[in-house]
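One chain is shown next in structure tokens, namely the form predicted alone.
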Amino acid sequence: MATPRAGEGLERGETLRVQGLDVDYVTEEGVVAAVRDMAFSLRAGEIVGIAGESGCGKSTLAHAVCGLLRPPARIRRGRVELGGQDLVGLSERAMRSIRWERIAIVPQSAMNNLSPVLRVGDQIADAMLAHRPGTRAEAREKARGLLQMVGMSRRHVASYPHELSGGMRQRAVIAMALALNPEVLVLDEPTTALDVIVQAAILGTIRDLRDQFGFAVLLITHDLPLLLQTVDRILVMYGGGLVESGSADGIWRRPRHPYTRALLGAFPPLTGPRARLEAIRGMPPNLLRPPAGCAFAPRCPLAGEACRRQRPPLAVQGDAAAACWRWEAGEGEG
């Protein structure tokens, strides 16, 4: 497995750049603004995490980045640049030559993404042969090496998915995603329904492979503490938009946005004595009819009149950013 190609034409080693991305779902009731004005970049060898509650737009963003959106979803505007090439608007045939080859995704629920009637090795081999010439015997042999690389036995090339544990199935899907040496690996809730020991082992494998081969990782999860232990940078989404970004250490030590602080307060602390957990009151916004101002204002204990009237811009301070009127006024820090 050779070192992945770095993105060309992007700044400071960027391999993926998302700019002004809006994704809608067109329904009979109206247009749901699932992702709005999303912008971030991903450098080669970097792990960036995206956190937020269910329904905040994380998986929609992942599918948009990988060109996997289907009606009623649509990209209304924006760019998704991979190595300087805009993927938005490419035909499905053009995307097939890029997907798995340059950008690969590990979707939610590994069991649902493996055929129950095909052996694991054959499914990995099919992914390779669909993109590159070779014999099935050669592809199966490479599949054995890929399974070994993600911490499985080479003999599992002949296993059916139902013969594997949940963690092993997830590793098999990761092996398939890495089969063609992509530049970017998108992981959409890769540890859902797995116990904490298996979660740590799988994420440790991802970090080791990243260190070895240099691909970039976009890791999507609702589990913010899990990201704090795994990634270089964190993007926090709420109501379809980006509300905070910064280094993992910076967000842990000094979260700026009230929603980020509320997320951290809803999980047990990573270190120190046990603390009382606080649920986030209220419900996420209805994206069919989003609030006029800050999407978090109806649930925010710091919200004022300005928060309810006008959506705050993403304000940058050093390597951190937050969309909060109270932070701009110096009241959202701490």
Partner chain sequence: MRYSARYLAKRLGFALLTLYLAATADFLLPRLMGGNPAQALASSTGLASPATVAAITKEFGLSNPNWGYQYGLYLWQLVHGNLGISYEYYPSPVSTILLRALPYTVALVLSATVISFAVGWSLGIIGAWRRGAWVDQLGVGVAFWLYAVPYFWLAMMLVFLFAFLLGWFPMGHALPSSITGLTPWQWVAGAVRHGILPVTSLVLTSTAGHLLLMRNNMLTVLADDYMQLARAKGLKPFSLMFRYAARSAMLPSFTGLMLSLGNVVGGAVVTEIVFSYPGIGLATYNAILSHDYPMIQGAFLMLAVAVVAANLLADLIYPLLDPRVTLH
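Numbering follows the first chain given and starts at 1. Quick caveat, the model's predicted, so the values are computed rather than measured.
This next part talks about the form predicted in complex with its partner chain, which is not shown.
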Even though its partner chain is not shown here, does Arg99 get within 4.5 Å of it in the predicted bound form, heavy atoms only?
yes
Using 4.5 Å between non-hydrogen atoms, is Asn181 touching its partner chain in the predicted bound form?
no
Mark Val117 yes when one of its heavy atoms lies within 4.5 Å of a heavy atom of its partner chain in the predicted bound form, and no otherwise.
yes
In the predicted bound form, is there a heavy atom of its partner chain that lies within 4.5 Å of any heavy atom of Arg136, even though the partner is absent here?
yes
At 4.5 Å between heavy atoms, only one of the stretches 125-133, 204-212, 142-150, 225-233 reaches its partner chain in the predicted bound form; which one is it?
125-133
Work out which of Gly78, Gly167, Gly83, Pro107 lies within 4.5 Å of its partner chain in the predicted bound form, going by heavy atoms.
Pro107
Residues in 176-208 with any heavy atom within 4.5 Å of its partner chain in the predicted bound form
Met176
